[in-house]
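Shown below, as structure tokens, is a lone chain in the form predicted on its own; questions about how it binds or moves come after it.
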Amino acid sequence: MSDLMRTYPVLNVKSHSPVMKSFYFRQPVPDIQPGRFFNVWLPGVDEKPFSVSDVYQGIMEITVKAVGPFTRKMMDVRRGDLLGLRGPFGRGFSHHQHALLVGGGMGVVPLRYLARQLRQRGFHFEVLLGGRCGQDIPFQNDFSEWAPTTFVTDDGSLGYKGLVADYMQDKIRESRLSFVYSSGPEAMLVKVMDLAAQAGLDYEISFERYMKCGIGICGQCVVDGSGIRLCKEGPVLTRQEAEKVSEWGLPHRDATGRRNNS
């Protein structure tokens, strides 16, 4: 891990939709674990954390959706521009056989790199992905090529209509699965954890909080009930760790460290 900021040229930019792009860099360090993240510095703007969406043949990919001032500025980044990278930070996913990967929205991003590693190791796994519409789910072709994949969308524009959790029980019942990975919106994660626990399955989840330093010093991302610093001991938690968290479903802390209850 390196907490020193270094600048790298953007090797290429790929557009997934009008508001979602991938940025490619020469792999900055070896052995980047899926689920870990880098802090990306956009000169003159800010620094924000992003999960790694893939590492393949020495090239690292980071995928960004425009949802705020920083990410909207990222949509203007072009091939050859210099961006700062710090990381990788945190702890990522481990590897398990007969797993179900459950992703929602941009939570799909770290699961894509995990899926590549599971496939390379010859592991059996299945995938269940959801979004508001088909355009919200990136890497559809990769997941479909690598494993049996089910898509679920709020508006029914891709796959089944509904919510991911509506179809998870069927997946568990119909397949010989022994482990669940999940990443996505917190409401979805709470349901996924509940369904996995009911089925007696172990799981690992990746979730978000306000990340600042990336090295566990500032305490900004500590989750109540556990003392876990998400940037250091997360962002991927085991079932045992997730069950200690007492702030599921509560408003997140903002940049000041206060919980915004408005």
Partner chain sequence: MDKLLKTSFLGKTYPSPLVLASGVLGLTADSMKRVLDAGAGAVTTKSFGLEPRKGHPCPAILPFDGGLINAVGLSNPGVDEMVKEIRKLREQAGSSSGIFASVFGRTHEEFGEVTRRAVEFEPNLIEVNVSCPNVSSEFGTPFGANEMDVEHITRIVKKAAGSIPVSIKLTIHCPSLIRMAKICEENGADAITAINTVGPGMLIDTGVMKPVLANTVGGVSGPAIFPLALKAVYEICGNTRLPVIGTGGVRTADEALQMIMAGARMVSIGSGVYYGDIELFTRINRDLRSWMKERDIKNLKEFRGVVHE
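This structure is a prediction, so every number in the text was calculated from the model and none was measured. Numbering follows the first chain given and starts at 1.
Just so you know, the form predicted in complex with the partner chain exists too; it's not on screen, but the next bit is about it.
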item	value
Interface segment, criterion being heavy atoms within 4.5 Å of the partner chain in the model of the complex, picked from 53 to 61, 209 to 217, 196 to 204, 30 to 38	209 to 217
The partner chain in the model of the complex reached by all of K65, R72 and A187, non-hydrogen atom within 4.5 Å	no
is_contact(R112, the partner chain) in the model of the complex, heavy atom dist at most 4.5 Å	no
Distance check, R253 to the partner chain in the model of the complex, heavy atom within 4.5 Å	yes
Contact label in the model of the complex: L82 to the partner chain, heavy atom within 4.5 Å	yes
is_contact(L237, the partner chain) in the model of the complex, heavy atom dist at most 4.5 Å	no
In the model of the complex, residues of 215 to 238 near the partner chain [heavy atom within 4.5 Å]	I215, G216, I217, C218, G219, Q220, V222, V223, D224, G225, S226, G227, I228, R229, K232, E233
